[in-house]
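Take a look at this one chain, the form predicted alone, written out in structure tokens.
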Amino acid sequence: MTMKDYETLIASRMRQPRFKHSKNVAKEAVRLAKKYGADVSRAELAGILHDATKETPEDEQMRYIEKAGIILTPLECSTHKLWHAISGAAFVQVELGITDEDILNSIRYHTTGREGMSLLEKVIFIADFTSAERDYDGVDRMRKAADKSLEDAMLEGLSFTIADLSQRKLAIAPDTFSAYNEVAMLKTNKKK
């Protein structure tokens, strides 16, 4: 499939605002990939596909997850907001035949992050936070961090996620804490 084919497919799976977001994430992913040396075409593809199942009914999302053989943790089972990232990776693998593990992980962990993220995973994680239509308190700080370094942007994004979820008394994925700790320790060690 060409990028245009993927865009057409994704446009058919979501409302216009979500499709605009996906296109913006792909565009921002390309910019960040060029800046930090990630594969540009893979970044664009992961960006356009990252929310492939965001507007898919939950029962259908669960079918994709089961079809891909993914076993959800208890936290993932009870936190439906995380499903679209997991089912999105499953959909891309099972229905589109994409087997590139880096692309699949970029989709799966674009909301939580995780320890040991690849360059492409970080690019998609940050592109989702900083895409052109994003307008939340702190987005300008996030964009400045993304222009400084991926690690600064990761720390900013993960801090934002942890603070937001804890303030709302919601569960936080262990992967998010692991990603935060890894990046924080990396930054601390660089200062020494």
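Residue indices: 1-based, along the sequence shown. Keep in mind that this is a model prediction, so the values were computed, not measured.
The next section is about a form of this same protein that is not shown, the form predicted in complex with a small molecule.
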28-36, 62-70, 138-146, 43-51: which one contacts the small molecule in the model of the complex at 4.5 Å, heavy atom to heavy atom? 43-51
Joint contact, 23, 118 and 132 to the small molecule in the model of the complex, by non-hydrogen atom at 4.5 Å: no
Flag residue 161 as yes or no: does it have a non-hydrogen atom within 4.5 angstroms of any non-hydrogen atom of the small molecule in the model of the complex? yes
Does the small molecule come within 4.5 Å of any heavy atom of residue 122 in the model of the complex? no
Counting only non-hydrogen atoms and a 4.5 angstroms cut-off, does residue 128 reach the small molecule in the model of the complex? yes
Does any heavy atom of residue 155 come within 4.5 Å of a heavy atom of the small molecule in the model of the complex? no
Looking at 9, 184, 171, 14, which has any heavy atom no more than 4.5 Å from the small molecule in the model of the complex? 171
